[in-house]
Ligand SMILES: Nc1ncnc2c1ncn2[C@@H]1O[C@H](COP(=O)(O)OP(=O)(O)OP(=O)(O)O)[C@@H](O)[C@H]1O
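Form predicted alone, single chain, as structure tokens, below.
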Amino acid sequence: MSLLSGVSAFFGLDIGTTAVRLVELRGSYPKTLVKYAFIPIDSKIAMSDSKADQQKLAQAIRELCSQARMTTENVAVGIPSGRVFTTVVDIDRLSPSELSRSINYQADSLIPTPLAESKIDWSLLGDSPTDKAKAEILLSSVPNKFVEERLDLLESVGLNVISFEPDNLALARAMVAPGVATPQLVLDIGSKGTDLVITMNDAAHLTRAIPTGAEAIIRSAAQNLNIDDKQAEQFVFKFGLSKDKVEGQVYQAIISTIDLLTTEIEKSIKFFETRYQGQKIDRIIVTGGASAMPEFPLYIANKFGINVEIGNAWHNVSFGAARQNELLAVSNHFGVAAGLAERTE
């Protein structure tokens, strides 16, 4: 879903649940940061399909581009994980043209929405790990209706969409350095849910959208501590999974919800390591707002016995040393926008 060839300047646009964010880069790897910006939005607007809410969203995007003084209208746009279906499938080894025809022919049985109502995109990953006579492909589909409505919305504010890409694939590009062959698990814990991507050899080999995010963790704290949501949010981000703060009460209040998330992570790791025999997850990269919870990365590291690091949206981006503290302070929130801006094809 890309028209990048021949486009010299563009920016990445992440339309999230609580904010709209943009990143513009230039040059070749590592690209240089030109600008980044964000504008908060009501999560009800982001999730709504109503015309009035879409107009509010368009206005927020218009304001963001104006405040950032964007000089290009070309934009690479993220598609929220909840709107896109992505899977890895094995298919008969064929020439590129025959492979394309075969995928279109088989897509109806592979994707959850009717082919006539969907846009599909795919990339060849290589040999199937389970059947050497077959090839392995990464297949994505998104309903036409969503893409067309988003296109109309962005064109209404004067933007020229040059590509659409699933948020989780853009995120993985930002978080993992090019050329890393060993499996890396990227975990983006947002407000409504968590995106999980396992990459290997510069390609995603497993993606999942897990419906447990910061809001569920905060809700657990509010209910179990009998406090309001605002205070629960403060407690979660101040004490997190620390057992020695406030007698471990916050830990006890949220651990069951955290374990719902870790159970799903464990299932994903087992699925990956069963399919790709001999491959082990080398590192877990944690990002998103909820990754800032005290003791959370350590809990994940101990749970799985795997090295954990805090993700850095600017990992593959060049910028002046004087901006390091400023950029690291917002890194948790700009992974998708940065990854979109890093696209080269």
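The first residue of the sequence shown is number 1, and the count goes up from there. This structure is a prediction, so every number in the text was calculated from the model and none was measured.
The form predicted together with the named molecule exists for this protein as well; it is not shown, and the discussion that follows is about that form.
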Determine which one of 98-106, 252-260, 188-196, 126-134 lies within 4.5 Å of the named molecule in the predicted bound form, judging by heavy atom distances; exactly one does.
188-196
Using a 4.5 Å cut on heavy atoms, which of Glu233, Glu264, Glu273, Asp90 is close to the named molecule in the predicted bound form?
Glu233
Considering Ile79, Val75, Leu206, Ile218, which brings a non-hydrogen atom within 4.5 Å of the named molecule in the predicted bound form?
Ile218
Is it the case that Gly311, even though its partner is missing from this view, gets within 4.5 Å of the named molecule in the predicted bound form, heavy atoms only?
no
Leu327: touches the named molecule in the predicted bound form, heavy atom cutoff 4.5 angstroms
no
Using heavy atoms and a 4.5 Å limit, would one call Phe237 a contact residue for the named molecule in the predicted bound form?
yes
Answer with yes or no whether Gly289 is in contact with the named molecule in the predicted bound form, where contact means some heavy atom within 4.5 Å.
yes
Under the 4.5 Å heavy atom criterion, name the residues of 311-334 that approach the named molecule in the predicted bound form, in sequence order.
Asn332, His333
